[in-house]
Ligand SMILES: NC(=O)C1=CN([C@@H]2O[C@H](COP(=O)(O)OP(=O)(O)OC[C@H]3O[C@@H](n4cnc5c(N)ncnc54)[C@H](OP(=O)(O)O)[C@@H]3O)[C@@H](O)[C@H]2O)C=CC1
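We begin with a single chain expressed as structure tokens, specifically the form predicted on its own.
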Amino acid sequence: MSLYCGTVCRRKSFWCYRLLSTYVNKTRYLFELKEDDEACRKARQAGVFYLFHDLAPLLQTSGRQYLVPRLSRAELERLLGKFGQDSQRIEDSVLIGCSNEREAWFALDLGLSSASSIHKPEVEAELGGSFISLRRAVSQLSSMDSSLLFTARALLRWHDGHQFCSKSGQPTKKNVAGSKRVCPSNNIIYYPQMAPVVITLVTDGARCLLARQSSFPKGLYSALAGFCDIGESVEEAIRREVAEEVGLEVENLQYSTSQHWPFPNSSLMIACHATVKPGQTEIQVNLRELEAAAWFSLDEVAAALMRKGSFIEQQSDGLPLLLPPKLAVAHHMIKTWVETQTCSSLAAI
């Protein structure tokens, strides 16, 4: 019996004291902040804040890139006080991440509250930056900054749109971290959600199919995309979307990767590759969904990928084929297809 107890104790000690990876430590710390209001309040005292105004982040220009300024709690309180705002506004902030050293990161939107009297130009002048649409700025942000701002925008938008319980109609209350909202009258808990979207690069072996909507910048073509319907699997959603939008049947579906995308709402982009059935390549565009769709050769797509300059600079050049910016999952899908086709061609020589 004593031997058994000793074994148990030693095992417990091992699991308690073994060295956890930085990722695990960071993940567990974030979980604690999301679940423990008091721990999150404490972290917010020493945390840093990213500012938004009507869902547009505060950014500073640095050459061709945007930098994302961060404010300490003391700096934020001084800013709010200068513009006649109570520091209670900080309670509206949401947790968006933390550093490896457990510095908690929060986002606060100064313009979403109807009671806010803060004027955007005055804040911009005070902080030496501008509140810029995230969609417009995305191609000039680092991948780390864009990911963080995507999360912040999605959370802030979700809280702004879910302030009342859908069952009781009563106001809901967010927890300190902003990881959920609760209806006090019935204790229903609401969690932020993402809408699943399938995005598919269709090929016939030698060509890939790209399409555009009328809202796209001139010349921009991308992979086919659409929201999953209730009750659908990813595979069913892909087949339906391709059939609806371009009148083709696909097979050989292969999952590629996924990405959170905050426009226009918070979506989970599920990226896949698919091929059309042999001999069935005639496109029939559904004009309710798309403005145009076409097959593009490997040479055409490879040439578009090799063009220099930022996405904004390429837009101004009026190019015949403009591909999605590098931060978009569609860009990586197209690039993967070009690399695979190129390798196959070289192997055949």
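Please read all numbers here as calculations on a predicted model, not as lab measurements. Throughout, we count residues from 1 along the sequence that is shown.
Just so it is clear, the following notes concern the form predicted together with this ligand, a form of the same protein that is not shown.
Only one segment in the set 263 to 271, 124 to 132, 140 to 148, 172 to 180 has any non-hydrogen atom within 4.5 angstroms of this ligand in the model of the complex, and it is 263 to 271.
Although the partner is absent from this view, residue 225 contacts this ligand in the model of the complex, with a non-hydrogen atom inside 4.5 angstroms.
This ligand in the model of the complex is approached by residue 213, whose closest heavy atom lies within 4.5 angstroms of it. Residue 109 falls outside the set of residues with a heavy atom inside 4.5 Å of this ligand in the model of the complex. Among residues of the shown chain, residue 253 is not one whose heavy atoms approach this ligand to within 4.5 Å in the model of the complex. Put simply, of 90, 118, 197, 246 only one has a heavy atom within 4.5 Å of this ligand in the model of the complex, and it is 197. Only one of 54, 300, 289, 35 lies close to this ligand in the model of the complex, with a heavy atom inside 4.5 Å, and it is 289. Along 53 to 79, not one residue places a heavy atom within 4.5 Å of this ligand in the model of the complex.
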